[in-house]
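In structure tokens, the next block holds one chain alone, the form predicted alone.
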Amino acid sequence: MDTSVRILKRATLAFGEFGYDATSLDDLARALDIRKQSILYHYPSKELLLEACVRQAIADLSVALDEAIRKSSYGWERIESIVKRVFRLANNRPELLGLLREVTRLGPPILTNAVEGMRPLLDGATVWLIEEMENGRVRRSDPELLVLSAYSTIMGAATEVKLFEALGEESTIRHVAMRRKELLRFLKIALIP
């Protein structure tokens, strides 16, 4: 595997699991068994490494959502497909969604850049919701606010493993499936006329 790809994968894991501030380039270099200068050769600063990780995370999320959209048609079927795909992504690559949550904590400028990177996803979802509302398959509401609310709700339910553990819920596949089922029930009640 190419060194820059190895660095990107390991940094995404570290930023997503431990946070940006708690991740040092020295720790990354040790974990990769390379010198810190090798990281800086590929990514001249920790900030630029974070930006590269976020760009890749958004690209990976886009691919996953595109897959969910292609496998579904309209209305509730598409919403359900997207939620299931995000939960599968959270299970298979928790660091990716953890990184995207970390970005919201960091704020500008990294958050601003991430939002711009996600703009095509957000705009596409907004246009789709407007069409679904016009066709009576989704309740009428502010489509942009709905997209942001749904994003926050789905990401929170899929990634807040530590919070659920602190509340006494186990992190088994069964419990995650129950959480996904309840989220889908909530969304269906809220969105489908």
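Note that this is a predicted model, so its numbers are computed, not measured. Start at 1 and count along the sequence shown; that's the residue number.
FYI, the form predicted in complex with the DNA isn't displayed, but the following is about it.
Only one of 56, 38, 62, 153 comes within 4.5 Å of the DNA in the predicted complex through a heavy atom, and that residue is 38. For the candidate set 130, 69, 52, 34, a heavy atom within 4.5 Å of the DNA in the predicted complex is found for exactly one residue, namely 34. Using a 4.5 angstroms threshold between heavy atoms, residue 45 counts as touching the DNA in the predicted complex. At a distance threshold of 4.5 angstroms between non-hydrogen atoms, residue 183 is out of contact with the DNA in the predicted complex. The shortest heavy atom separation between residue 23 and the DNA in the predicted complex is within 4.5 Å.
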